[in-house]
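There is one chain below, alone, in structure tokens, taken in the form predicted on its own.
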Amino acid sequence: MRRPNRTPERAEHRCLIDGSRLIVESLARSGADVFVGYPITPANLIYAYGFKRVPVAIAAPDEITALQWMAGFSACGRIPITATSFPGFALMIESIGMAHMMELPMVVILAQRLGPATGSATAGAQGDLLLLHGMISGGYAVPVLCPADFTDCWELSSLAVHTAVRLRSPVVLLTSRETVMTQRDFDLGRLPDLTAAERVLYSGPDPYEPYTPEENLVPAFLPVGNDRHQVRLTASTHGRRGVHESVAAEALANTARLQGKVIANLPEFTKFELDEQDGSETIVVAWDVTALAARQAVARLRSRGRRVSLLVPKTLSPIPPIYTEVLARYARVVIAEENLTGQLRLILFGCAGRPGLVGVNAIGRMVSPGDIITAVKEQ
């Protein structure tokens, strides 16, 4: 994918394009240098583009192997990526937990489709958010970023690579069938330039301790096989040297640090869209592809004289505190998402909910602007 040179007065460069191509191109330009994949709908276009664009691309025999190979590449200093949907992601979870504990950077693109189980490969959904919030034993957070439009596909994919490298952590880029498979008219000239993430290596004189944290709670990195220091990487509970220590105090403190580093660095990867209207007592919240319907619904409501605000969260794990701070200002909160149970609603407000909270939900079809407008009017 080519983009014209940026100038103060850029001409439009319009084309038909899908989110898959934007995501893969952004990941490649941001430093991802290995793609390991096993094809699955609706992530097949990402798989196809990955083999054309990423310097090293390998077809794995299954999803478990894909993540194990990614861990090996990451341990050697590469920045690996993959793409899957729920059935494949379910097989990857154990290895994602391993990479989380070993602190190995990688990006996993999760294209949501209708479940449960194998469900329908060609029907969209927003059904995997609760899974992502509970996939690590102990409830530890893995950064999750979610594009709400094609510009986000470009910018958040780059942020995913930089966050993975900066935090030495797996990062999930959560998206949907409609985003990655549907072609739309888009102006490539709107896209900003990207910089490649670099894995800064330990260069100190002392023996290398792979899990000794720096000020940002992230340890310096060295690849296995370097000719200066021994590198120990383990998924068992360990201390700073990477030696299994069960429930020793240092090992438990190091385990707690895994959560602490994500929370401490959350401001660096917090992204959201907030469009507040003065005098509004109602705010609409929508994520992923449903944000497209929410923007239209808010515009229509305002054209009819209804005051309403809009929040589109794009960082979905951990939940940034700013979301609850914003929502606390409104008497009525309408959360729209393409699932039956209201997963973001549950994450934000729990089973008890709160007064003035309304869910707009659908399965097997996209939430429409009309669905949202009706919910706002009925409050």
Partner chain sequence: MSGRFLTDSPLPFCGGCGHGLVVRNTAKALERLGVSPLDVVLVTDIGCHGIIDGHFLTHTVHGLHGRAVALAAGIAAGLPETKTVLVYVGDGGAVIGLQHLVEAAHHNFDMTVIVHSNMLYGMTGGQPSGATPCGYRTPSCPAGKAEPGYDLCQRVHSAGAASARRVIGKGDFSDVIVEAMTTPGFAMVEVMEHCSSYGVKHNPERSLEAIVRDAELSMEPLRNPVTKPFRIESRGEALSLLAIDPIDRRFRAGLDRRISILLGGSAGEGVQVAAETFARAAIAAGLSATKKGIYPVTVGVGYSVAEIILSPEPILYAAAITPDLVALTSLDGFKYYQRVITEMRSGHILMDEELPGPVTNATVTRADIRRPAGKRGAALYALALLARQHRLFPTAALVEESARGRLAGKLDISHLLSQPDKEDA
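Residue numbers count along the first chain shown, from 1. This one's a predicted model, so the numbers in the text were calculated from it and none came from an experiment.
The next section is about a form of this same protein that is not shown, the form predicted in complex with its partner chain.
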Should the three residues Leu16, Arg21 and Lys52 be counted as contacting its partner chain in the model of the complex, with contact defined as a heavy atom within 4.5 Å for each? yes
Location of its partner chain contact in the model of the complex, chosen stretch of 168-176, 230-238, 137-145, 255-263 [non-hydrogen atom, 4.5 Å]: 230-238
Here the chain is shown alone; which of Leu131, Ala196, Val224, Ala90 has a heavy atom within 4.5 Å of its partner chain in the model of the complex? Val224
Looking at Thr212, Thr151, Thr118, Thr182, which has any heavy atom no more than 4.5 Å from its partner chain in the model of the complex? Thr182
Against its partner chain in the model of the complex, would Ala362 count as a contact residue? Criterion: heavy atoms within 4.5 Å. no
Exercise: Phe73 in contact with its partner chain in the model of the complex, heavy atom 4.5 Å: yes
How about Ile347 - does it come within 4.5 Å of its partner chain in the model of the complex, if we only consider non-hydrogen atoms? no
Can you tell me whether Tyr330 touches its partner chain? I mean in the model of the complex, with a 4.5 angstroms heavy atom cut-off. no
Counting only heavy atoms, which residues in 95-116 are within 4.5 Å of its partner chain in the model of the complex? Ser95, Met98, Met102
